[in-house]
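Shown next as structure tokens: one chain only, the form predicted on its own.
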Amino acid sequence: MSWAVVARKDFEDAIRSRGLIALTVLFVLFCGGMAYLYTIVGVNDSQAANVIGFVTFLFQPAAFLVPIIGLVVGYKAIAGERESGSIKLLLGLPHTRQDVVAGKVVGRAAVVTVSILVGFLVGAVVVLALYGSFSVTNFALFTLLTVILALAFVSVGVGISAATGSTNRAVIGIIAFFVLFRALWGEIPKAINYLLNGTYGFPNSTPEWLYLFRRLNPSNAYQGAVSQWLFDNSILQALFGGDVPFALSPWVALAILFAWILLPAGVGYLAFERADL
């Protein structure tokens, strides 16, 4: 369990550096502020006392903020230690490079998870205090999916950190990743169609594979899982005539998120294993 030693040290370092406290305060302010804002804008809404209404209000901002935090928390995990030279001391102990990557992912993921749980708990308390009713099950599912999204982006951040030799390159990597999946992902199929057929986009009809391609984006997979499990499938059912393909089920979206937890860290480890320190 050498990776657990690395993870525990990483978590303890976050406590000593007050990074955990700062991140927790950020999530408390975010969730508490969003909960209070929801009570203002939703006070005359029929969903005002419904946790689904609050989740509807919260999950789009969360889908934007959580990936940024996950990437920022992860990008210095290994690149920073390689830059300072402390990685040689760490590997001088009975830790393999695999232990270091796995431990960094788990340690940084624990920091983000604690912060999200505390922040979302504050948000739930605010809504409960103001409305007096709350569906714990629905909000717990939403919180769990948000934690899984955070773990995916922490893994991406650590994977990029493991594959680069400096924090500057790691920063470039996480910015490029964020821009690709936040701004450009939906344009890739359109560009491919233009190269193949001379038409940008799909003016006549949207092919079924395009919906799955969009969902390969971890943020889209998260939004799909939240929407289908906590809201309804009416939009997809209308698009597909009632029967939603299994590839667009929330279970597949969840599997995509877990793949994003495992694969980036694995690719980063392979690059780190071959790196000359």
Partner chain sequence: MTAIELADVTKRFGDVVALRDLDLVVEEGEVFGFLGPNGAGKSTTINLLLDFARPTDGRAEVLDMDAQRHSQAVRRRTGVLPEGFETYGRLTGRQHVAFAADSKGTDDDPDEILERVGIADAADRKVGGYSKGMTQRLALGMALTGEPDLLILDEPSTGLDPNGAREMRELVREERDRGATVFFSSHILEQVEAVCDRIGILRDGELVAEDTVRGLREAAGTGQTLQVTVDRADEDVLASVRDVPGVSGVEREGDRLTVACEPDAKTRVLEGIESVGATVRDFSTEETSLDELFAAYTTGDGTTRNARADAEGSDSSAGNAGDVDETAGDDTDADDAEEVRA
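Positions refer to the first chain, counted from 1. Predicted model, so just to flag it, every value in this text is computed and none were measured.
Below, we refer to the form predicted together with its partner chain, which is not included among the displayed structures.
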Tell me, out of Ser84, Thr137, Ser205, Asn197, which residue has a non-hydrogen atom within 4.5 angstroms of its partner chain in the predicted complex.
Ser84
Taking 4.5 Å between heavy atoms as the contact cutoff, choose which of Ser166, Thr113, Asn193, Thr96 touches its partner chain in the predicted complex.
Thr96
Give a yes/no on whether Leu184 approaches its partner chain to within 4.5 Å in the predicted complex, heavy atoms considered.
no
Val147 within 4.5 Å of its partner chain in the predicted complex, heavy atoms
no
Would you classify Ile188 as touching its partner chain in the predicted complex, given a 4.5 Å non-hydrogen atom cut-off?
no
Quick check on Leu180: any heavy atom within 4.5 Å of its partner chain in the predicted complex?
no
From the candidate stretches 166-174, 116-124, 151-159, 88-96, select the single one in contact with its partner chain in the predicted complex, where contact means a heavy atom within 4.5 Å.
88-96
Taking its partner chain in the predicted complex, which residues along 6-38 bring a heavy atom to within 4.5 Å of it?
Val6, Arg8, Lys9, Glu12, Asp13, Arg16, Ser17
